[in-house]
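Below you will find one chain, with nothing else, as structure tokens; this is the form predicted on its own, and questions on how it binds or moves follow later.
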């Protein structure tokens, strides 16, 4: 047993093994990134398939054609009068361009519902975010199922304005035409709810909150008409009047949630398989030709766009707000210029609605966690999750390595190799060592091999376990994570006009936090060293064990000098920070894989940044890393990249782009409950950056052997002087005074 313990101890303190963990951590980071780049290959992806047999996609004949097109054209004329700007001739002959009021528009839509025999109602709402009001009215009607009991329903949504801000005139018209068409059929086993909202964000959110009784009555009105549990949602987006080429399927939800893959596969099977209408994902029509969608680069672009939308976690259409309530929803958008007309779009919606009508229970058999590469290939969670786990493991490996490193100190001890004296000589040797100590022989001189009294004294370096001070590092880590909620609350509650100002102030304050902590620690050395001594000098008892103090009692000895104590403090602090970071990213990967992956990649340089007092090159590299991967620097770089990529026109400056993003974050937090990005930045990324910056700044500011060490010696000197004064006062009190002597 003793031999095994000795072998394990030697392995644990092996210099070669102690150098391996940083390379293992780097290998984990690179492996996770390379794994993502391999996913578009056929070997790592699978073809899509239908898991729910009850859907029966494309197995029914659609009848939405012929005379329904005349109804559609008549409805389009009615809807255009209340949605689009109309030209009116005044009494004096002049022309005026006016648009119908929302109340007039909603009443016209309700009249069209009533003409089809559908009960309808109006719901009003008003959200206030950052001092700005978002108000409107939703119009909805319910087609009751002749063969159902009202316990299940299907929702079809058509916003007046789509996600891009374009008028969805033909989309609303198609919904009204389908409402009339569906109301004449007797095959429905589920109620069909037809919803017209002013936009794709506030309107659907207010309606679904009220439908599930999760709304605030002061902001959102209750619904007078309701049905059963919603089995699926289909959103219609038809923002032009000409024929289209393909249907674009949007499926990203709030906080990265996704609908059941069967719903997307059913829509693809009906559109492309039954009706011959191509389907696209993640805006493929903007960067990929139809015949090149299976190429590696195009698949990688689809994967990147999907991961970006999932990581941001904001609404990408009217369908997104249903996902937090575990309701599967997609948006079908007509794109391109081709030969398909509104009747083809209607047949897709009809067939998809009839497939959902066949369901006996909610979709559950297929995947809820996946990454789509094109309309017929996907990557399941079992294939892509190891990449995020590898990145999280990289931080955990470094945390464990630093923790072990903080508990050992390399010391030199005597090794009697050759004995050439008798016991008398041994006594002479002891006297010689005592004489050397009285002569103030330095520690380095004593560590050299020398001959004293006929004895060869050799010195060798060994790793000795030392005590770890945890009070201050744990307090700092807990404080950083708790105080990270303060800038988060300030940002999401700021008024619209003060967002940029508050963000700039937060940036200045948060950058100064690690710098301020560095100077506080350097000017108060007892914070770093007080866990080892209580103001008195560090001494040991006669048996070599550490002296008991008023602050801590441990069987392990503290570090031998001030330099080692400062290094140990930064090592423990960084170890705890990386341990928490790895745990957060691992847990987050199961909830929002893309957000976890992006945060892990952005925090990778921070894993190797820290306190490097003995290496100026590493200290400079660490400084470059904490500057470049500051959250605010990355945010500004992202705005510049978005501007250069053409997402915004020339009239929008970089400051305007940043303001738009900040407003979206505030709006998403207050209205949709989109917490992914703000929580990830302020509660995951920012604390890790602060700890890395604290160590980096300390490398340039702190001088363990100079500035800090002198302060420690000053503290010790003051403690000695105080102790001497106390002893002298006690002696004076105990000794008789001259007056008492004369009296005697």
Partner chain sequence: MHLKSAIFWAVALLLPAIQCVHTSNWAVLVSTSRFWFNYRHLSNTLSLYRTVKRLGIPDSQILLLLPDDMACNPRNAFPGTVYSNADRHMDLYGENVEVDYRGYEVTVENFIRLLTDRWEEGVPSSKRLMTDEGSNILIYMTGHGGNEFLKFQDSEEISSWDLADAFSQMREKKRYNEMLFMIDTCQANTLYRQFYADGMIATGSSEEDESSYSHHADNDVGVAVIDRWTYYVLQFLENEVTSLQSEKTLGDLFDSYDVEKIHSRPGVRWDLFPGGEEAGRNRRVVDFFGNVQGVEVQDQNSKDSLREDLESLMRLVKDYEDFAAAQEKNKTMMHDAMSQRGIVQKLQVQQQNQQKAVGSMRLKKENLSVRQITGVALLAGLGGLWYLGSKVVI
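Since this is a predicted model, take the numbers as computed values, not measurements. Positions refer to the first chain, counted from 1.
The protein also exists as the form predicted in complex with its partner chain; that form is not presented, and the subsequent description refers to it.
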query: Distance check, residue 360 to its partner chain in the predicted complex, heavy atom within 4.5 Å; finding: yes
query: In the predicted complex, residue 627 touching its partner chain (heavy atom, 4.5 Å); finding: no
query: Non-hydrogen atom contact residue 640 with its partner chain in the predicted complex at 4.5 angstroms; finding: no
query: Heavy atom of residue 301 within 4.5 Å of its partner chain in the predicted complex; finding: no
query: Segment that reaches its partner chain in the predicted complex - one of 367-375, 350-358, 218-226, 319-327, heavy atoms within 4.5 Å; finding: 350-358
query: Contacting member of 336, 653, 148, 386, with respect to its partner chain in the predicted complex [4.5 Å, heavy atom]; finding: 148
query: One residue of 701, 27, 56, 37 in contact with its partner chain, assessed in the predicted complex (non-hydrogen atom, 4.5 angstroms); finding: 56
query: Contact at 70, 75 and 243 by its partner chain in the predicted complex, all three, heavy atom at most 4.5 Å; finding: no
query: Those residues of 174-191 which, in the predicted complex, come within 4.5 Å of its partner chain by heavy atom; finding: 186, 187, 188, 189, 190
